[in-house]
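In the form predicted on its own, a lone chain appears below as structure tokens.
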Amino acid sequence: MPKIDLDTLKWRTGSGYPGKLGQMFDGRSQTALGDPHGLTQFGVNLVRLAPGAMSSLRHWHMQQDEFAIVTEGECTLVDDHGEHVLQVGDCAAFPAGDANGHHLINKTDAPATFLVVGSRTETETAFYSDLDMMVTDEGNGFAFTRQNGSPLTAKEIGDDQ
């Protein structure tokens, strides 16, 4: 049956960012809607943000389009043009190659949820607007480096002690 039972989905909390950068996302959880149901041409994820949580570090994609629609609560889109409140039904689109770093933050006291859809490419490069960091995926997983490709230091990912 094509109908997806949201109550049966597995949710993942946090992020895949290296070091202590990942700890900034304890209030973020997501579940894949497309993968477990056989979609291969684009990714579909439902993302929940607890009050005060953010979706990701501000970033932009070289090869992949990204689209988001708020389905519950209120999110604040932060991009290179400032802050924009998104309420249920409001959408945002980020074309591949547009260097407009963006992320969503829940600045309210109630949970917020949004659906994000993105194209899939065999390889991908994304840049982080507020850090000297990029991520590449050559088909074998994510690799985080500085934007020039050199290794990140422990201090840059918050692992300095």
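All values reported here derive from a predicted model rather than from experimental measurement. All residue numbers are counted from 1 along the displayed sequence.
Just so it is clear, the following notes concern the form predicted in complex with another copy of the chain, a form of the same protein that is not shown.
Non-hydrogen atom within 4.5 angstroms of another copy of the chain in the predicted complex for each of 63, 94 and 119: Every residue of the spot touches another copy of the chain in the predicted complex.
Interface residue in the predicted complex among 105, 50, 57, 69, criterion: non-hydrogen atom within 4.5 angstroms of another copy of the chain: Here the answer is residue option 69.
Distance check, residue 4 to another copy of the chain in the predicted complex, heavy atom within 4.5 Å: Flag for residue 4 set to yes.
Residue 74, heavy atom within 4.5 angstroms of another copy of the chain in the predicted complex: No, residue 74 is distant from the partner.
Heavy atom of residue 115 within 4.5 Å of another copy of the chain in the predicted complex: Result yes; residue 115 sits at the interface with another copy of the chain in the predicted complex.
Heavy atom of residue 134 within 4.5 Å of another copy of the chain in the predicted complex: No, residue 134 sits far enough from another copy of the chain in the predicted complex that none of its heavy atoms falls within 4.5 Å.
Residues within 4.5 Å of another copy of the chain in the predicted complex, restricted to 20-41 and counted by heavy atom: Heavy-atom contacts to another copy of the chain in the predicted complex: 33, 37, 38, 39, 40, 41.
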